[in-house]
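Shown next as structure tokens: one chain only, the form predicted alone.
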Amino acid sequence: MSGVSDLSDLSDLPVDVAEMIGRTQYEEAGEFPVERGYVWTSCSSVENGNPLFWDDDVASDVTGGPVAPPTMLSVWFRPHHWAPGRERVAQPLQVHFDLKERFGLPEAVMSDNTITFYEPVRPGDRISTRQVLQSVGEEKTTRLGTGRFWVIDVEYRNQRDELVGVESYTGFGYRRTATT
């Protein structure tokens, strides 16, 4: 992708940022198990009547039991806004917010998101995640402003340590360009 450096071109990055590339960060267990109520509410909200998600007999015949829609993968790693005893604000995709702060980039957008699915996610699974910064591009100016592109992978695993998915985000953190 234009604007995103590969791992061999790190010359313009601060050392601390270059050292983050390829390193696992923020290994975390989901705050709640995969739950059918979430599945049914999500399917209902978009009128997804696929019997795989509603009918246990169909799910048993096709997938060996109930499964969650693959598109819900990121639901299981999004922390609740509030939880008892939490001392800091929990944010999904913390590496993204770390980069915004490190580079002093107050604005950001996600310009691409790709998900690769592996093992199915099933009710009762406990999903854990880890974030891996894959690349950070050189500073560039777009119509939005001046900033950097970065790519972050979020790896998802179930309680058996089976890979259930990898979500890859391309973000652009930027400062708005002053208009005349």
Partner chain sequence: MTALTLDDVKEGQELPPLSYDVTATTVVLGALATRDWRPMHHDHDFAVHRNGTRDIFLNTPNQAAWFERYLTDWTGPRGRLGRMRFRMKGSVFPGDTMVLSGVVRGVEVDHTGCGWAEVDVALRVAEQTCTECSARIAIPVSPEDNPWARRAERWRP
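Residue numbers count along the first chain shown, from 1. This structure is a prediction, so every number in the text was calculated from the model and none was measured.
Keep in mind the form predicted in complex with the partner chain is missing from the figure; the text below concerns it.
For the three marked residues, 26, 84 and 100, no heavy atom of any sits within 4.5 Å of the partner chain in the predicted bound form. Although the partner is absent from this view, residue 54 stays clear of the partner chain in the predicted bound form, with no non-hydrogen atom inside 4.5 angstroms. With a 4.5 Å cutoff on heavy atoms, residue 141 does not count as touching the partner chain in the predicted bound form; it lies far away. Residue 75 belongs to the set of residues with a heavy atom inside 4.5 Å of the partner chain in the predicted bound form. Although the partner is absent here, residue 12 lies well away from the partner chain in the predicted bound form, with no heavy atom inside 4.5 Å. Taking a 4.5 Å heavy atom cutoff to the partner chain in the predicted bound form, the contacting residues in 119-139 are 119, 120.
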